[in-house]
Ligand SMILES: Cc1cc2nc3c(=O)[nH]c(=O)nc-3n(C[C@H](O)[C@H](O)[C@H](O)COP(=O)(O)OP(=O)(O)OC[C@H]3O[C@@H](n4cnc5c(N)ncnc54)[C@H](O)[C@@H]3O)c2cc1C
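Okay, so here's just one chain, in structure tokens, the form predicted alone.
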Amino acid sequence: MDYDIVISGGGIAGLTAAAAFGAQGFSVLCVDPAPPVTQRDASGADLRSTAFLQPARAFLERAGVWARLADHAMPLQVMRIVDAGGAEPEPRVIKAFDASEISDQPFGWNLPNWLLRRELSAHLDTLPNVDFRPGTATTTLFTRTAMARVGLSDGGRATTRLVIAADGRNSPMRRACGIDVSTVHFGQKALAFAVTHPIPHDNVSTEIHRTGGPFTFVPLPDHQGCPSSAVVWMEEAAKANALMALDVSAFEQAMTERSCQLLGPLKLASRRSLWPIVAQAAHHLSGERVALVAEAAHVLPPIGAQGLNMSLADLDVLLDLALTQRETLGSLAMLESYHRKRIADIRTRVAGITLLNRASMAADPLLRDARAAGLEALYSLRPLRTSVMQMGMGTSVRHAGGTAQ
């Protein structure tokens, strides 16, 4: 075999997979058609950010990359939910969910995606058993019981015992395996950008609900001496397109109004990016010699920091199986075990986030009132509140190092 593992896809999940399996002594080839954009203001930079929840940080430590990321990470101590669904765009229900209720650590740590790509790709350069080839794509897949052969866009071929498909929602490797997906289209798009604001965020992530979808602030380090946050603003597609077309001054006015001025007047601190919102789940998580992870397996609206954290949960399970079954790496039994261990959680979380997104889109005043009442009820019952926080974090009190009673 040329490699133990070939990873199709060099996004954050693929790069992390390469680091994790490489750290455990597996020989790894990781390819991606596009070189990672590793500068904030470069064309094509991913201006979104990722909140790594507590279990995800544990996996990043296991993969040997957390030490590179820790100094750049912004702790997320409080998740604040705001309902602004009244007649005017102003807060009418504000509830703060504090990690101290369930843990002695923050809910998670936020990092910009472009910086993650920079640090992860630099880390791979230090691993002698990892071959990272940006600018190279997977083009063909041929599998047999004992091995897989992957064709590459540079004309080469690689034989391997396991292919990890981390190549996105339109995964070529998933299609090559003939695995179908179920997709929900919401008619929404999301704008992603960074802002500065006069009021400090105090490590509080804020999700503001009105119509069209949530407007979410996630804390970032200060930018040019001003408090800064990453923003994801979800709206109906036509409105999102119109917002994208506004000049900077008009856009700043619109986003300040939509944010209910909770952090004061907002100033755009990056370019804007736009992408469609869907929920998607693969019908099966494996094919012959192939494991689906990350967006090849599941796609979620950006609510509750679930997307990449689910991806790292995929990798955690897959790595455990690989370590206990080194001699049979990529076997049918190993991959069926991976499917069984992950599919129920994936289906549950995709369904739950789909439901939450539909609630966040509500335009009817009665539905908006029901949403506000639900938030009040959820927060007022402490056992329910802590259970929801634990579920959202993907952990439990006994795993969280918690102080909750």
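Predicted, not measured: the structure shown is a model, and the values here were computed from it. In this text, residue numbers run from 1 along the sequence as written.
Keep in mind that the form predicted in complex with the ligand is missing from the display, and what follows is about it.
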{"property": "Region of this chain that lies against the ligand in the model of the complex, out of 27-35, 62-70, 341-349, 354-362 [heavy atom, 4.5 Å]", "result": "27-35"}
{"property": "Contact test in the model of the complex: residue 11 vs the ligand, heavy atoms, 4.5 Å", "result": "yes"}
{"property": "Interface membership of residue 166, the ligand in the model of the complex, 4.5 Å heavy atom rule", "result": "yes"}
{"property": "Close approach of residue 212 to the ligand in the model of the complex, 4.5 Å, heavy atom", "result": "no"}
{"property": "Close approach of residue 306 to the ligand in the model of the complex, 4.5 Å, heavy atom", "result": "yes"}
{"property": "Site check 54, 227 and 263: each within 4.5 Å of the ligand in the model of the complex by heavy atom", "result": "no"}
{"property": "Listed residue (290, 294, 102, 220) with a non-hydrogen atom within 4.5 angstroms of the ligand in the model of the complex", "result": "294"}
{"property": "Residue (of 124, 279, 190, 179) lying close to the ligand in the model of the complex, criterion heavy atoms within 4.5 Å", "result": "190"}
{"property": "In the model of the complex, residues of 138-156 near the ligand [heavy atom within 4.5 Å]", "result": "138"}
